[in-house]
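Next up: just one chain, as structure tokens, the form predicted on its own.
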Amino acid sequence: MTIKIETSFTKVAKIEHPMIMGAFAGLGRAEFAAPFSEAGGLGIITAHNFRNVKKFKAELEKMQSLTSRPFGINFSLNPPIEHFARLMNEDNFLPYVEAAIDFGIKIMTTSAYKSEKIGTRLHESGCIWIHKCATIEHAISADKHGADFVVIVGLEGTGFKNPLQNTTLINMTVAKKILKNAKLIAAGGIADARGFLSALMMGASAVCFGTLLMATTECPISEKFKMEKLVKIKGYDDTEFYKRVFHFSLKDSPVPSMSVALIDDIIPIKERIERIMEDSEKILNEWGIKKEIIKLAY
């Protein structure tokens, strides 16, 4: 029997493992998210992949047909960056928020820019609000505005970058020290059992996976991309890859995260999660921790 780890996040999300799926532009749809929920994590539908509420509602119904387990929604807000208009703002998203609430979704995430209006509406409806950010400053702001959980992404991760972004190690340990109310979810460069356990030891209630989930059979990207950009490339010894990941500019990173250094194969999502949990149990046993269930207070 593989070890079970219970946290405040697994309790409120009603999931088996303290794991949440990242928000995927273009890819965050039911066929990709449902297998993650089925494997015991919290699958995420990315709302801006659907340009009208009717299509969004249809996707929620499709997701429900594919899994009976909990799943969440992400709202990635358009940041105030010049010439950046790929995403939507809070007012654009409010009809989507209402549709998700009406559908019975209990956990929703916001990211890319502050989203107090959405967070307030989620709390009014009794939902859990998770906000994803890249810096300590923004984590403090989300905490003050009442986010229940804050995903803080280290610069090892991909997606939106910030000149003040720090490593996952520093982001997590500092945020754990200074945030007053919100609980933490770790993201950025985590792709195996050691990274997963390290994040929990740093105070995370869960871990958010992004690039790792692209290296799965269910991810709807080309096999060529999976092999050339995820399996074959090793970020620890590739100069061009290193420069792109650490470019410190306020735009999307054009490459996957530094976690590619830990990815050696393409396997189903269920197998990916099972491997992390089985390896975690082996490591914990090496530490002298031999329990079927580990209950964390946070």
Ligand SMILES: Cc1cc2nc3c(=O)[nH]c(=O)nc-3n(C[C@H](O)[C@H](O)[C@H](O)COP(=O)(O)O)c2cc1C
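Predicted model only: the values in this text are computed from it and were never measured. Counting begins at 1, following the sequence as shown.
Not pictured, yet referred to below: the form predicted in complex with this ligand.
- [ ] Identify which of S205, N171, T211, T216 has a heavy atom within 4.5 Å of this ligand in the model of the complex; exactly one of them does.
- [x] Checked against the cut-off, the match is T211.
- [ ] With this ligand left out of view, choose which of A182, A187, A175, I73 has a non-hydrogen atom within 4.5 angstroms of it in the model of the complex.
- [x] That would be A187.
Open item on the list: Given a 4.5 Å cut-off on heavy atoms, tell me which of 20-28, 7-15, 286-294, 272-280 is the interface stretch with this ligand in the model of the complex.
Closed with: The contacting stretch is 20-28.
Task: Partner proximity in the model of the complex: K132 to this ligand, non-hydrogen atom cutoff 4.5 Å - done: Taking the distances in the model of the complex, the answer for K132 is yes, it comes within 4.5 Å of this ligand.
- [ ] May I ask you to state whether H48 is within 4.5 Å of this ligand in the model of the complex, using heavy atom distances?
- [x] Result yes; H48 sits at the interface with this ligand in the model of the complex.
Task: Distance check, N166 to this ligand in the model of the complex, heavy atom within 4.5 Å - done: N166 lies outside the contact set for this ligand.
Task: Close approach of M108 to this ligand in the model of the complex, 4.5 Å, heavy atom - done: Contact check for M108: no, nothing within 4.5 Å of this ligand in the model of the complex.
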